[in-house]
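Heads up, the chain below is alone and in the form predicted on its own; it's given as structure tokens.
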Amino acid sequence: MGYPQYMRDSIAKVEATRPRRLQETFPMLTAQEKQALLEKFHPDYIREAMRELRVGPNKGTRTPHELADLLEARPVLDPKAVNLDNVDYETDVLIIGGGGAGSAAAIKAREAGAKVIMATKLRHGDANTMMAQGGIQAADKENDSPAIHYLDVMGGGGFTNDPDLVEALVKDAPLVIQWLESLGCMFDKQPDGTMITIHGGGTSRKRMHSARDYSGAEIMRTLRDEVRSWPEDIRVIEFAPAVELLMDTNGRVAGAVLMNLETNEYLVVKAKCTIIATGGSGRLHYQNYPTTNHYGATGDGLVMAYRVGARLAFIDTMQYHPTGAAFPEQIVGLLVTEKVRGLGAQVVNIDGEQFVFPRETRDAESAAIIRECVERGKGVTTPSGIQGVWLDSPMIEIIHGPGTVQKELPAMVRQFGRFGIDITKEPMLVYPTLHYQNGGIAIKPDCTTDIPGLYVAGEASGGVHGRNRLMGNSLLDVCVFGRRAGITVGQHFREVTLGKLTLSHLDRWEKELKDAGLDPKVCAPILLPDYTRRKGV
């Protein structure tokens, strides 16, 4: 397949400017330039794309229409359809979600003596953790420190982050690397055993640890193997997403109702402590953007927590990764890891001219690409009408030597090679893609929430990243706060005595909808996106 001739003509311009670009250093944006760029071009600043919530603890808070529809929706579950006296499973800890955060929590809760049930929508490991590529941050080199990491995280988030959560993130980071390695995670190393680290966007030090360009898959493999090593203590129930949280008569979250996707039967799980680790919501396709997210990423945890009264934070900001594949059409939206830019590849327009520093924070990098295509008209248009710019991956070989791309980015080489594109010799066409849910359920550093018995870890939480997440802090987030959630519930589950199970909060929710004059036709959580083709399309 490969690139059509008119795109090859543009690539020739990229090749012609490469010698000059290798000698030049493109300036970073000033703080004022960055803010002006974001306000004009970043999707978070499009006012008509959002609305104020009309019900719930975040009433009056703005959020994208797609998420607002779910947060204001009717429950999927009819309380009359479930007999809460008939408990299918009873456990110390219920973890909703089977990705990195849920698995880390299960491991630590089990170490504290808890019996754990992990309920996951798809298979154990079908999560955004598995799909992360570039790496995981940790300040463990002599020229670095958690304090410097802290400043990078705060700056990347626009200094809006919850400082206590950021402190927890950066302090635990070196411990997390050590812990993962002790469990068998294979990080990239020098021949003498020294960890290889590189830059990411917004980092002032090289602190990105990686496993080639499948870092998330390697971390998920490690955590999943450890969970599966303890089947007598951790029961994994696959294809059984939660559709509603359970409360007890004391006002405590007391488990959840699951749906067996194979039989459509409801399962009642009674638990002393419940951890939401359901990940993000990219499959809602905010503002019609393609997404890097796995098929189950539909914001379920936010919906269920919101209905029991949990406060949400930063739900007006999503992350659009600057480099999602724009060609070929078969892989549009799939992640092109930031590690490509970390290794030296530049972002250039149709004329081969660089227009942005390659390691700006993701929000600024994305906004610059959108500006180049939308306002300046300097994007490359694909045969199907998609706009994009070039990510000049052959520069990596020039800078670091032949074979570097194959060594450092084997998954990328295979992904594009299937379509006749050799990224060691040809650039990739990219455009921003919906990647991450910056906001979520508000938590404290020990992963507790406003609601007794409810804990949250990973992408379903909000606050640690502020308005923009830096590369490598999501894999770190799931490990740091997954571990912390497991440790916290491990310290408290023995103290819990549950009252009678109830779903009375659903009656209160229906009343709140009615009092607000709302009659939503949508039911949530939606569990899986609807990709059925409409008539005439």
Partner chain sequence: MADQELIPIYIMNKQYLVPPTLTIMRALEYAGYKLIRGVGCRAGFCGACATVYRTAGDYRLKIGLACATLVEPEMYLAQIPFFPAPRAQYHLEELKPDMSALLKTYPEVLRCLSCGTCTKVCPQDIDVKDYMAEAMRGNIAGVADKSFDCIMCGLCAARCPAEEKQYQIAILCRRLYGKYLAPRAEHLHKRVQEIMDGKHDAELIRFKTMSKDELKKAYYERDIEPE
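Positions refer to the first chain, counted from 1. Given the structure is predicted, the values throughout are model-derived calculations rather than measurements.
What follows is about the form predicted together with its partner chain, which we do not show.
Contact with its partner chain, judged by heavy atoms within 4.5 Å in the model of the complex, is confined among 506-514, 471-479, 28-36, 43-51 to 28-36.
Listed residues F327, F416, Y306, Y214 were compared with its partner chain in the model of the complex; Y214 is the one with a heavy atom within 4.5 Å. When its partner chain is considered in the model of the complex, only one residue from P394, G155, G251, P79 comes within 4.5 Å through any heavy atom, namely G155. Using a 4.5 Å heavy atom cutoff, D126, P174 and R221 all lie near its partner chain in the model of the complex. When contacts are judged by a 4.5 Å heavy atom cut-off, T532 counts as touching its partner chain in the model of the complex. Contact check for E262: a non-hydrogen atom falls within 4.5 Å of its partner chain in the model of the complex.
In the model of the complex, its partner chain sits within 4.5 Å of a heavy atom of P146. Although the partner is absent here, G184 sits close enough that one of its heavy atoms falls within 4.5 Å of its partner chain in the model of the complex. Contact annotation for 183-199: residues with any non-hydrogen atom within 4.5 angstroms of its partner chain in the model of the complex are L183, G184, C185, M186, K189, Q190, P191, D192, G193, T194, M195, H199, listed in sequence order.
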